[in-house]
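Next up: a single chain in structure tokens, the form predicted on its own.
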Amino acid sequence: MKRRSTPGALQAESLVVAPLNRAGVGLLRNRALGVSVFLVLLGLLFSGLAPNFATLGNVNTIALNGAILVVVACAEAIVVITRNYDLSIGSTVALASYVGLDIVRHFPHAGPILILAPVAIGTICGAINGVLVAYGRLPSVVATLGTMSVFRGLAFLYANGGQINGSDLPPWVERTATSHIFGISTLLLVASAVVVLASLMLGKLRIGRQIYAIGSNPEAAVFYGLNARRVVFTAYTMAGMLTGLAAFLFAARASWIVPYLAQGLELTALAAVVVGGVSVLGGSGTALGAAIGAVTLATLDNGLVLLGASEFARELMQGAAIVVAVVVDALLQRRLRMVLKMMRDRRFS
């Protein structure tokens, strides 16, 4: 029998995640603080090892590269908090950027309103993932691994061996990546806006509380009347929308747009999320933490490039960052379970 929603379902998310908020908030805050301290130490280390690292130009490069990764990390974080994953982000960026910017190329006088083209394509890709995971009940890793190949294949089929050059696009596209507002890069302002809006959604809106509830304890959330399928579908759709926005930003910075754009981005996005303190077991983490993780990875990659490290060494460091972050997450989750058990024992003693 299908469970009907009751008035108690309106407060289900707070009932499910309340123990986590009480006992785990200190651990989570300390973890985010730890990542921030690590970022500062990383900057100091590279400043001493690479003479050009601390220059204004290089800091600007890190900020611009990190800004796009911040948007992608916020998208991935929304999905991971529900205890799911999106391995198709890189392919979604490729498909949305090529098809979306091809639309811009054919309608150059329509103006910045056409930014909605790649955003809409990304949203559709996210919705497809959501249908497969939420309603098709496929494991998220399997479903998004499949769509990763499908979306990338569609991008290659659509391109048919071609590419889009920056000179083929109207000037406002490039200005999006190079312009400044009150002396601040537009990319940084967009990334900051995404972090603020994602944080408000997760922390203040009902759908955000439901996302945490589903990730914290799916069985309890369903028991209290939450529609888990709808919540997971919504999370994937929102992630796709942000990925579509990131696709436009990637394209605006690129000299040319090709179907193999953003290869490996899914690994980088996942690394940024777990480094930033979003639990791979779901139910905890913040958009701000994911953003800090993204900036940390951008800083690490930039520093290694300046030191002359090979691409393989950079991938090794990125993989090591994921492993360390997952181990730390497991230790924190074990500590949190111990704290919750002590709270229950005291309550019933």
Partner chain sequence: MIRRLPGWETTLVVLLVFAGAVASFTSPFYLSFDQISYSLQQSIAVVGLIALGLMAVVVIGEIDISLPAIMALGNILFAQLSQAGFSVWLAFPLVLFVCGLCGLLNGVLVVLLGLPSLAITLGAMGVYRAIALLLGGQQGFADFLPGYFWLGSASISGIVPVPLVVLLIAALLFGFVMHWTVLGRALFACGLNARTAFLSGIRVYAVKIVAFTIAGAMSGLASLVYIGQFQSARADNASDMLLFTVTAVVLGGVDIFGGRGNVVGLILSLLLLGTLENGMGLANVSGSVQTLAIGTVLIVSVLIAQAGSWSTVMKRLGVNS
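This is a predicted model, so every value here is computed, not measured. Positions refer to the first chain, counted from 1.
Although it is not shown, the form predicted in complex with the partner chain is what the next lines describe.
- The candidate stretches are 40-48, 276-284, 298-306, 58-66, and the one lying within 4.5 Å of the partner chain in the predicted bound form by heavy atoms is 276-284.
- Although the partner is absent from this view, F107 stays clear of the partner chain in the predicted bound form, with no non-hydrogen atom inside 4.5 angstroms.
- A residue is said to contact a partner when one of its heavy atoms sits within 4.5 Å of a partner heavy atom; G136 meets this definition for the partner chain in the predicted bound form.
- The closest heavy atom approach of Y85 to the partner chain in the predicted bound form falls within 4.5 Å.
- Contact check for Q163: every heavy atom lies farther than 4.5 Å from the partner chain in the predicted bound form.
- Checking L116, V258, L200, V150 against the partner chain in the predicted bound form, a heavy atom within 4.5 Å turns up for just one residue: V150.
- Here is the short version: of L145, V196, A127, I103, the single residue with a heavy atom within 4.5 Å of the partner chain in the predicted bound form is L145.
- Looking at 254-274, the residues that come within 4.5 Å of the partner chain in the predicted bound form, counting any heavy atom, are L267, L270.
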